[in-house]
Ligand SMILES: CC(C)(COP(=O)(O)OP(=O)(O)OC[C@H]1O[C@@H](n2cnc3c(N)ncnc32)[C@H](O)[C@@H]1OP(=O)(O)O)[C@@H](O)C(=O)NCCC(=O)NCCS
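Heads up, the chain below is alone and in the form predicted alone; it's given as structure tokens.
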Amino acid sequence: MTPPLTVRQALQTDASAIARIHNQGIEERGATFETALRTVEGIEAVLREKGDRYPTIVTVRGGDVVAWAAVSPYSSRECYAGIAEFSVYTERSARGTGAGRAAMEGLFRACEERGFWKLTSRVFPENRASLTLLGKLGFRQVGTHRRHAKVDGVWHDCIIVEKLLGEALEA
């Protein structure tokens, strides 16, 4: 029987798993413009810098972190303090099992508790799995950034997605 998924705030001790999962996405070249692999020390530093304001949520199955979702500041301008950019990555072997969805749902709760009213991100059009998941989670596609940046010398477009949370959702 497959162990159940649990969701919680990331701990410093999760940095190795977060780096490993993020590096899978970087190596596959289908989810991020980043090409430099993450280090455990780098993830530990990011978790410390973000503190409690910008949560990182992990999904755990059988004691192992299998997905994570996190937010970062959208803008330094005070008027945008309730908007965050998010990322979500799932361990290759756990894709399609609900682990990414669970991480995102945990992130929604954590962000609403902190007063965020909107999450946004950019997704490669060819990343159909992410776009499908985000659609099921209530994100809407806002538009497309054409030739937003290059990966290995190749231009990529990005679909802009957003989801309202809390008070903004109810308005």
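The first residue of the shown sequence is 1; numbering continues from there. Everything numeric here is computed off the predicted structure, so don't read it as measured data.
Form predicted in complex with the ligand: not shown, discussed below.
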Worksheet item: Since exactly one of 47, 133, 110, 60 fits, which has a heavy atom within 4.5 Å of the ligand in the predicted complex?
Response: 133
Discussion item. Would you classify residue 142 as touching the ligand in the predicted complex, given a 4.5 Å non-hydrogen atom cut-off?
Written reply: no
Worksheet item: Hey, in the predicted complex, is residue 122 touching the ligand, heavy atoms inside 4.5 Å?
Response: yes
Worksheet item: With the cut-off set at 4.5 Å between non-hydrogen atoms, does residue 126 touch the ligand in the predicted complex?
Response: no
Discussion item. At 4.5 Å between heavy atoms, is residue 82 in contact with the ligand in the predicted complex?
Written reply: no
Worksheet item: Among 112 to 120, 133 to 141, 36 to 44, 50 to 58, which stretch has residues with heavy atoms no more than 4.5 Å from the ligand in the predicted complex?
Response: 133 to 141
